[in-house]
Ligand SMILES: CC(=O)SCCNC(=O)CCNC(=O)[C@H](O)C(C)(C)COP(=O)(O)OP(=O)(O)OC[C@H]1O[C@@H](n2cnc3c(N)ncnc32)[C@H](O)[C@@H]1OP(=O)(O)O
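Form predicted alone, single chain, as structure tokens, below.
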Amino acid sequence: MSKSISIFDTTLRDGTQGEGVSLSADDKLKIAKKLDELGVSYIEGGIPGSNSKDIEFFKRVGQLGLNAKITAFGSTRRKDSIADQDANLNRIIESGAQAATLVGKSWDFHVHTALQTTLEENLAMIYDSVAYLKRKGLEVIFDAEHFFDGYKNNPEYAVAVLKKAKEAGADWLVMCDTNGGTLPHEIGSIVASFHASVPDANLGIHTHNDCELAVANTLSAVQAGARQVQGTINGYGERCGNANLCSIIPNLQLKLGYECIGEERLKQLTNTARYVSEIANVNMPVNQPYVGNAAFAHKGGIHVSAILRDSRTYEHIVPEWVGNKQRVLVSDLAGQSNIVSKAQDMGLDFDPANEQSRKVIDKIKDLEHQGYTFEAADASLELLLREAGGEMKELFTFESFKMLVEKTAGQPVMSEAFVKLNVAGNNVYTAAEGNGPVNALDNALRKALVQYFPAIKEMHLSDYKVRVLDEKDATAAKVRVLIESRDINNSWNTVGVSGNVIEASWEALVDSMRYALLGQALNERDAAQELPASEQRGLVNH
């Protein structure tokens, strides 16, 4: 039996049916290019003619020169009609797609209730539609909708549906768990039974996650004989989502020994998952297996101490195999091993037996007690550790800031910030307006620094979160502010804590700017170290 699996991605069609997921034509083209780089076999682009976005996608996608087969989705001809006169089928042909995914009913209940036709006419609809598309030169993937529910209710008819599609020339017969209610042992048994009766059929599996079993069901189907896997990046899809390819691919390839996308392309999996998340503007769960930010994160001191000796103690695979990386979190639960590991990642000489190092550890734990959290603010932690190691040069000194917030009846709130700093011995005083107090502070601080540090122009604040630490104190409660910032290549998080939300925000903002400038300084240092000694001296003197 072949160990090669064909990956069919339907993020651009089935995935967009998920709540909160909306993609423009440009978004879909960008994602299609990324999926092609990942190495999927099929990219289902949408339903030709159903909306302006899908029409534009199919017009433009051919210009990308992708290796994956672009697939158009549609349903069988209407009842009591002729296939070559069916508008839906003809739009698939006109789309220019190389393959067609054709969905048909395989549950007798749906035939009678949804289509309101006879079982015989449904079989004719399937045969005529598949045969028509094959005559037009398309590869046809037949999706048997509600196959497993249909099989459990009327196995003879569900099997007859697949056999009729095969008789008409379908290249793939895909069994769909459309309602997501089937269990893995049922999936395996049903797929194996059909595979035994029709051994020359190319079988596929399409599952939904309503019982949180879509990945498990897919693996069960593959082990029973399915050789095409349909799913979406990050499991996007209607209701509880589709089968998550970001879990399925590494499970098949690393755990079960199937060939899906190859070893090198597998290393792009995390980047692809996060890229699609950004384009779709949907936050990825941090604990998403394999590709989540916390998938290989370690917090408990005992765990960290062990992984420093050998990562296999608490990691089931090498994170880099899927393009992820190990992370050590620092919190009040962490021991000194966590902090030592973080320092080592930064290239710092951090000896926990050293008195200065012990002071830093104590300071971090004290700050955590006050409400700071460094597991979600790596940049603020790095600044602390570099300060303790004497690596931080103070680039600017804060002197004061003022806020003016004005509300006039019938007018929007106006926010203005005034910031006074000392930069390189010069007093700098700036003012800026903004969409709220924090944005005004950000604009004023940026305005003060950009003339001395032009790299500030390349960064921006991308996320802002406020959490009340002790709700019983009501409006006098301490708050914790977490800020995410980005530049062209990276993102980083900083934290601030205060009884005043503006002060906490300022603290996190300042750390964000300092970290951006630190990154620039380290890059320049590394670049200088790669130069010949004579040029290094010239650079330093300059």
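From a predicted model like this one, the values you see are computed outputs, not experimental measurements. So that there is no doubt, residue numbering starts at 1 and follows the sequence shown.
Separately, the form predicted in complex with this ligand exists; it is not shown, and the next lines address it.
Proximity to this ligand in the predicted complex, taken as a non-hydrogen atom within 4.5 angstroms, holds for one residue of Leu119, Met414, Ala297, Leu115, which is Leu115. Residue Arg77 is the only one of Arg446, Arg227, Lys164, Arg77 with a heavy atom lying within 4.5 Å of this ligand in the predicted complex.
Among heavy atoms of Val103, some come within 4.5 Å of this ligand in the predicted complex.
Mapping the unseen interface onto this chain, Asn324 falls outside it, with no heavy atom inside 4.5 Å of this ligand in the predicted complex. Residue contact check for Gln288: none of its heavy atoms lie within 4.5 Å of this ligand in the predicted complex. In the predicted complex, this ligand lies farther than 4.5 Å from every heavy atom of Thr182. Using a 4.5 angstroms heavy atom cutoff to this ligand in the predicted complex, none of Asp128, Trp172 and Ile205 count as contacting.
Heavy atoms within 4.5 Å of this ligand in the predicted complex are found in one stretch of 396 to 404, 104 to 112, 90 to 98, 248 to 256, which is 104 to 112. Residues Ile47, Gly49 are the ones in 33 to 49 with at least one heavy atom within 4.5 Å of this ligand in the predicted complex, listed in sequence order.
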